[in-house]
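One chain comes next, on its own, written as structure tokens: the form predicted alone.
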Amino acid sequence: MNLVLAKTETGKALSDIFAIARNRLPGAGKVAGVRQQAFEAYERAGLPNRRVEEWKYTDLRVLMREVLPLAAAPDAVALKRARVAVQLHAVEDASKLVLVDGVLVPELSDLTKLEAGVSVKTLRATLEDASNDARSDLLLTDTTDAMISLNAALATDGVVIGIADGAALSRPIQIIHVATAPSASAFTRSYLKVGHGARATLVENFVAADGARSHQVNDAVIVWIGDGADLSQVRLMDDGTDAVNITSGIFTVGAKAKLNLFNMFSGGAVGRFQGFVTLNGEGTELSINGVNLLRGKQHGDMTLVVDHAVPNCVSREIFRAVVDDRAHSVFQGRINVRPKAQKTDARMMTRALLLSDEAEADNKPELEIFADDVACGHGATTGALDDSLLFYLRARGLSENEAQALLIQAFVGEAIEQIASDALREQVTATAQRWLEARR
């Protein structure tokens, strides 16, 4: 009996997009070969759906409905609209790297104002360098996730950032992803290498210019952190109201290093951040925190896999979700402790606050422990605002909306307070306050 793999309409659309875009994607030779292998890996798996355990709560065959063609390179009109969006979201004193519709735009970026010890190249230029054909490894990852494979196949551009050993950056590096093209998709892939003993802050923003509608984003960032290094990363997914945003972070952390990662989803129709963190050196400290602020029919998903591969490492995960109307929040967190990873200290806590009877939250914390000398734990709670606290605040002159806003701010504050930078913490808090004001 002959078996034929049947493709959904979405799968056929993606095959057509890859066939049409293949000639305009950067890189030839080994790079093109790796792209082909990545797309074939995606085709074997197809779009993630509820039958895939890691995606059981975020069925892209239902939520995406259709796959949009690649966005064209931005023209002068698109760049003008993108400039306005950049001004609204730029972090003060940050070194900006601006990607518009999947393409790095030098005139909107600060490529000439980088601090000593920082190097930045575009992914496109790196892949197109005929003398550097071996850099096809930039499209390789160990994960078998279908959306990461699709990202490798269709990545048009991104940034390759290097931070020298011992460099202590005084200014954050900010990557701003701006969507301007309606009904189009962008595939970007970036790399960050933090040298031994270096200190840096990375900020990522996903935003839509005025007029951008129904766009899709598939982004990946691969981070290598050296021994004794310290990296703080803040990601703000505040995209267009009908955007679909799937972003992936793959982190490899050395010994006696620190990684502080924060992600907040507050804008877009569908958003998922999936982080894969491997602790490869002893004495490392990891802090991952996240917030979902959802209303309407939004769907926000934060999925994390932390791999304790060596002994004597500490990890902490705090996640908060505020869900209103008919929105749906998802948190999946898995901590793996390998047999040799003795003295591991890992904790994970997720809490969801439901503001309506139709709101939904799925929390799935997991532990896979193969060592016997560890201190690990996880917890999950879901509930509504405390009526007694609301009554207490109302009795002291606050309106119902003001009382709710105050309690919500306190609820998400535990996660936001983990951000190391005061300026970035204030920016994240302001974003949360805008969400609360819009809710009124």
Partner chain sequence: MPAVQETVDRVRRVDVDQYRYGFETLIESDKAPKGLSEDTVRFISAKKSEPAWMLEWRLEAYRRWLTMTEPAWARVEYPKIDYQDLYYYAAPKPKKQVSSLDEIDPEILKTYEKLGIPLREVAMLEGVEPRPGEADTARRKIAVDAVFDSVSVATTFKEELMKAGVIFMPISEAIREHPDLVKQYLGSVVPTSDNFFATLNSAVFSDGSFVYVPPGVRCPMELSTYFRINERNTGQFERTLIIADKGAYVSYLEGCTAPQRDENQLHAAVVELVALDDAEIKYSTVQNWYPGNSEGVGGIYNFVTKRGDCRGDNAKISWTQVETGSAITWKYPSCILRGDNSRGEFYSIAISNGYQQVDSGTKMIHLGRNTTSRIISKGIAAGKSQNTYRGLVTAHRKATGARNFTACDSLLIGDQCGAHTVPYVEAKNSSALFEHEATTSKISEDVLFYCIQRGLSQEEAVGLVVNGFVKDVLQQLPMEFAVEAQKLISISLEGSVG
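Numbering follows the first chain given and starts at 1. Small disclaimer: the values here were computed from a predicted structure and weren't measured.
The same protein also has a form predicted together with its partner chain, omitted here; what follows describes it.
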Task: Heavy atom within 4.5 Å of its partner chain in the predicted bound form - the one residue of M64, A380, I408, L47 that qualifies - done: A380
Open item on the list: Only one of T143, Q342, T278, T241 gets a heavy atom within 4.5 Å of its partner chain in the predicted bound form. Which one?
Closed with: Q342
Open item on the list: Taking any heavy atom pair closer than or equal to 4.5 Å as contact, tell me whether E92 reaches its partner chain in the predicted bound form.
Closed with: no
Open item on the list: If we define contact as a non-hydrogen atom of the residue within 4.5 angstroms of the partner, is P365 a contact of its partner chain in the predicted bound form?
Closed with: yes
Open item on the list: My question is simply whether L236 lines the interface with its partner chain in the predicted bound form - judged by any non-hydrogen atom within 4.5 Å.
Closed with: no
Task: K56, heavy atom within 4.5 angstroms of its partner chain in the predicted bound form - done: yes
- [ ] Name the stretch: of 264 to 272, 365 to 373, 246 to 254, 167 to 175, exactly one has residues whose heavy atoms fall within 4.5 Å of its partner chain in the predicted bound form.
- [x] 365 to 373
